[in-house]
Every structure is written in structure tokens, then in C-alpha cells.
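The chain below stands alone and is given in C-alpha cells; this is the form predicted on its own.
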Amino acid sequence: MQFFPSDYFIKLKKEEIFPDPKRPLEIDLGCGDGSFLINLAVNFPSKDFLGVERLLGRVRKVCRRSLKEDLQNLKVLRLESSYTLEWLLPDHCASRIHLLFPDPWPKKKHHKRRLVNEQFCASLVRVLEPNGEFLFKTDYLEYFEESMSVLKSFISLKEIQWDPDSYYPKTDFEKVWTDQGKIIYYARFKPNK
């Protein structure tokens, strides 16, 4: 189902997104075709999932697939990820925030459009619960190295080991890149208390 905030210029309350604020909320920034998000929503019915996606065609696709699966624990917000994270999401609302294969903006003149920067890190800390997690994956080494430099230098975030045994479905992009033999780079952070 598509989520429409009552006001795009006021910080939301968690219960405006899903009715029970006690349930864990996971956020997928740039959810693409929704395969990752839908997989999680199907396998973890006791959690709520919010996908954030800018492109209307992708939002509609996720909504159609969600309705087909009759998922009551999944919503999609059509909006820019940076704005959503910085201005719209409530404080300490998310148990997990996923950023999976974001556009690496490979041209030097476009690097300023990259999502991971100091403001992004500050917003992560504000939106994550105290024990929440930020999970990041990309196939683009230069972008990964730059992002890691920013994330590691932000003192309110602490890198933690990726849990190889936890259930973590592949995104559509990850499947393509893996089939092409590309290396996948990944990292996991939590707020530094």
C-alpha cells in the first residue's frame, strides 16, 4: 500500500506510519522493485516495513506485489530518501535502516548527489532506535570506500560485524551483480552510545 503523510513538512509520529508504535519498523531507502522489502515483510510478519522510493513506476510495482501478497505490514512512500530521513521520519523510530545498492553517481561532477554524507549520518542516528542498525551494500568500490570514510569518521556511529547467519534476502541488483561476478561490499553500523 502506498503511504501518503498528512503533511510532508512536519515530522511524522510513528503511529501515523503504522498503527502500533511498539512493533519494530524497518526502513528501506530506495526500495527499487521491492523484492528485498517484500521478502522481509513476508518472512517477518511481526515487523513493519516502510519502503522509500522516488520513482512512481517502482512504487506502483511494489504496491501491486504487496497487495497480491496481502501484506498489512508493508507501505511505500514516494519521496526522496534524503528528505525522508532528514525531515520526515520521527526520532528513534527504526530498528533497521537499509541502504542497498544506491546510485553511486560515478561521474566526479555528480559526487555531491551521493546519499552518504555527514548530514545523512546525523539523520541515521536521529531516526534509529538506540540499538538500531544501519545496513549498507554496494558493488561500487570507490563509492563504498568514500561512504565508509564518512561513516567511520562520524563519532555517533560505530561499525559492527555483519552477521553472516542472519536472514538477509538479496535485492534485484545484488542478484544481477553477483551473477556477473562482481564483488559486493557491505557494512553494518549502530548508534554509538
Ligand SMILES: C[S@@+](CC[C@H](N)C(=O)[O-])C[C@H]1O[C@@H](n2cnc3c(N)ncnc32)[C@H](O)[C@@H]1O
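From 1 onward, residues are counted along the sequence shown. If you're wondering where the values come from, they're calculated on a predicted model, not measured in any experiment.
Another form exists, predicted in complex with this ligand; not displayed. Remarks below refer to it.
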| item | value |
| --- | --- |
| 4.5 Å heavy atom contact with this ligand in the predicted complex for all of Pro90, Glu129 and Lys190 | no |
| Location of this ligand contact in the predicted complex, chosen stretch of 150-158, 121-129, 62-70, 47-55 [non-hydrogen atom, 4.5 Å] | 47-55 |
| 4.5 Å heavy atom contact, Glu86 to this ligand in the predicted complex | no |
| Exercise: Ile38 in contact with this ligand in the predicted complex, heavy atom 4.5 Å | no |
| Asp172 within 4.5 Å of this ligand in the predicted complex, heavy atoms | yes |
| Contact test in the predicted complex: Leu100 vs this ligand, heavy atoms, 4.5 Å | yes |
| Residues from 75-91 in contact with this ligand (non-hydrogen atom within 4.5 Å) in the predicted complex | Leu79, Glu80, Ser81 |
